[in-house]
Every structure is written in structure tokens, then in C-alpha cells.
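Only one chain comes next, encoded as C-alpha cells, the form predicted alone.
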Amino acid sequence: MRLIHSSDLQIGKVFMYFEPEVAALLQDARQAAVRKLGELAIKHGASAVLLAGDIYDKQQLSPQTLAKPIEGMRQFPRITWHLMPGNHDHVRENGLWDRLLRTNLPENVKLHTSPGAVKIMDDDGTPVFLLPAPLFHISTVDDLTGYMDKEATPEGAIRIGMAHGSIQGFGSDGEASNYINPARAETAGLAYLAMGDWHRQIKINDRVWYSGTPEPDQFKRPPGSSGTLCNGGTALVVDIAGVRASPAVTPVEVGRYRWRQVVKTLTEDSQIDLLESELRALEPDLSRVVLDLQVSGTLSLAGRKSFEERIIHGVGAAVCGTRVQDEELVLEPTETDMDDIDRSGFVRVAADRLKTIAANPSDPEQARIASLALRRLYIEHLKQAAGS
């Protein structure tokens, strides 16, 4: 049998640190991930899609946001979708899962809101059972997969587990302390354990995998990564040849956007050229990039103006969205900068005073305000000179 393993769609997530129009694009991409997964299942001939928790980002969602992914699944009637609660969308009385159950669910969408073996198909005469471990709280101290060890299924059945939490001994990449024994596949006789919660794709062992989120949603790079690409944007194609055969797992990319984090130190104005070239080479299609740019170092007033025009406004217009962190990018005005403001008179006196305050490390807040004022003074005088 062949299935698609995904998790952590987190539909309804709010991206507060982006402009509303960018946040709307990112929210739409999370909804569109359902169609991507359905198309992936069709392309690879998979009969089922397992969504291992956190299909939704929170409990309080509008009826339209709640129903939209279900309607997307309805468009793939040949694919059976298996949904399980995670920590963000855990089971609770009159919560979102009860709301979903009261709607007109399509035949091909199955909700797994309680533990226990459920027959999901026959694979050439071999029964296939799904053993879900849904969460009933945001966090629990119990290993909810523990019941799988003694859960009975017919002799010769293929057993597939689905869980949401952190594997013991491998560190935590999720938001809740829902720890799971990494040996559960062996102790429970599982052909495969589909994991959710960690947003990066990771292999724990041959039978236990985290799929990663199908659409990235945070600037967090994989441990030990030397590149700029952040977690997420993936799913898994899983082939299970028999009851105890090792599954063949193939990672595939499904994300619309690619989140990238670039950290750079600038020590002279000429490095802005190199930075712009590096950013424009991140992807062939820059409109797919969501960029976190962390810049420190020093620039002149002219260099700072060039940085804003070419990087913040130029590259910023080419990518989907940007978050620029430049608090540690300080100004070191040159004499040419100061002369461009004014060579003498009260304006030059004010500029010199601002330069002195901006360079004073004993009062960081005053230094920050003086630096902003000096940049504004510089730009306004350039505008005035250009106008005259």
C-alpha cells in the first residue's frame, strides 16, 4: 500500500509580524496545502493521506476557515483523508472536532478523535488498521501511544500508528511536552508510525518519521544547517510492502513558499552590492521567498540610504514578504555625509550634536532616537537639494 504522511497544516494561523496583505497570502497557502497533498496522492497513486495532528492552529475559528480544508478534501473522492487532533487543535467538549462532526462531512474524510485500532482498508486481502493517539489537552505527561502495545488486531494485519508529540531522547522542536517512546513501532508491531508536531522533516528510525509541515510558518533552520532555508514545506510518500517489511519513505517538497533566514554583518558601504546579489540569487522565483534578514555592523549615512532603497524597498518588493531586523546596524557618518547635510550654521551644529548622542553607548535609547533623527535629517536635506 502507498500513503501520504503529513501534519501541522495549522490552518487559521495568524502571521502578526507581516503586513496584512502578506499574512493573507501565507494563510491562503496553508489552505492550498490540502490541494497540494491531494494532487500528490493522485500523482503517486496513494490511497490515503494521514494528517498527524494540528490540522488547525487554534480552537476558535470561523465556520468558513473550519470548513474550507474539508471542502478541499471533498474534491479528491478517491483519496481517504485521516485527520487526528494535535496540541493546537486538541479534543475538547464542544470544540472544533464536535463542530466538524455536526457538519456534512464527505465520505472520504475520517476523524480519529479517540484511541483504538480502526480498520481503514484492505490491501490485496490484507487488512490495514490505523492506531491513532489523539491529544485531549495541549500538553500531557503520559505517552498516549502506550495503548498500542496491547491493542488487538487480526493476525497478519498491517498496523499503522499516528501520533503527535516529541520523541524522547531526540530533543523537542514542538510547543508541547507530549513525549513518545521512539521504540513504539517495535513494541507495538507497527509497520509505520506517522508523527506530527515537529515542523522539520526528520527520520527517527526506519519506521518512525516526522513529515514536517507542508507549508513553512516560522524562521527556524534545521540544527546544524549552514544554509538559509528554514524548516517545512515537505511531505512523505510511504510504501508499505507487508506486515513487517521496512517501509520505503520518500520525502517530497510541497510548499508554495520557501522561508529563508539570512544573517549578515556589514562593515562598509560597498558590501551592500554583495548583499543585494546574494538575496536576489536565493531563488529563481523571488516571489516564493519569505525573508528574515538580520543585519548588524556599520554604515555611513549614504550607505544606510542605499541599504533602504536597494535592500528594504528593492529586494523587499521582489519577495513575498520580509522581516528586517536591523537594530544592530549602527551609523558611522562620514565627513562627506555631514557636509551633505550642511557645511556650517545651526543645521550643521544640530547634526554634529545628533552624531555625538548617537555614538554614546551609555544611553542606548537616546542613541537610537538620535540615529533615527540624523538619518531623517540627512534624507530631508538630500531631497531639498534635489528639489532646488
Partner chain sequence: MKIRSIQLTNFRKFVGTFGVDGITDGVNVLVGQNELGKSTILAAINGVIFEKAKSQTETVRSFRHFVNGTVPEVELAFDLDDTRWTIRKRFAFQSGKALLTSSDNRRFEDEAAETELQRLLEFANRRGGGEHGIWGTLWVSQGSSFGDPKLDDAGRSTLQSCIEAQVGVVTGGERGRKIPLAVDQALREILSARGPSGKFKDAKDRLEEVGVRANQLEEKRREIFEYMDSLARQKRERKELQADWSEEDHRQELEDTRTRRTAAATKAIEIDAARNEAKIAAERAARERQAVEDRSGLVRELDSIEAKVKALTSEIREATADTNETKSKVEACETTLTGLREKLRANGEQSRRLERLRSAVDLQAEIVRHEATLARALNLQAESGQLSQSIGEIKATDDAVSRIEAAETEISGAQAALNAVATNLTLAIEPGALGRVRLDGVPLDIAATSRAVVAKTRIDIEGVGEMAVEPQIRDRDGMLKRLRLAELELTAALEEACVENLSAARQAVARRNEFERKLADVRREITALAPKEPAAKLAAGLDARQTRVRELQGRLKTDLAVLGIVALPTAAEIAKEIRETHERAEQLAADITMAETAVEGPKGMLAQATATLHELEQRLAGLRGMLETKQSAITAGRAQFSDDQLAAHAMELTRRAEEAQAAFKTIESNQGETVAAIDARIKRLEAAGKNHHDALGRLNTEITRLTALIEANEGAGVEETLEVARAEQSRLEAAVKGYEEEVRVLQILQQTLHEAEREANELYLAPIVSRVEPYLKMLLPGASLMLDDKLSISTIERNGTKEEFDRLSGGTQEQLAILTRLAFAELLLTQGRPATVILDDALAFSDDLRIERMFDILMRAGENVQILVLTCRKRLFAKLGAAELNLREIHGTT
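Positions refer to the first chain, counted from 1. Because the structure is predicted, anything quoted here is derived from the model rather than measured.
Beyond what is shown, the protein has a form predicted in complex with its partner chain; the following relates to that form.
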Checklist entry - Closest heavy atom of Asn94 to its partner chain in the predicted complex, within 4.5 Å or not? => result yes
Checklist entry - Should Arg99 be classed as touching its partner chain in the predicted complex when contacts are defined as heavy atoms within 4.5 Å? => result yes
Checklist entry - Arg353 near its partner chain in the predicted complex, any heavy atom under 4.5 Å? => result yes
Next on the checklist: Just checking whether Val347 would be counted as a contact of its partner chain in the predicted complex - the rule being heavy atoms within 4.5 angstroms.
Outcome noted: yes
Checklist entry - Taking the partner as it appears in the predicted complex, which of 358 to 366, 45 to 53, 328 to 336, 315 to 323 has residues with heavy atoms within 4.5 Å of its partner chain? => result 358 to 366
Checklist entry - Counting only heavy atoms and a 4.5 Å cut-off, does its partner chain in the predicted complex sit next to every one of Asp123, Val238 and Gln271? => result no
Next on the checklist: With its partner chain taken in the predicted complex, which residues across 63 to 83 come within 4.5 angstroms through any non-hydrogen atom?
Outcome noted: Pro63, Thr65
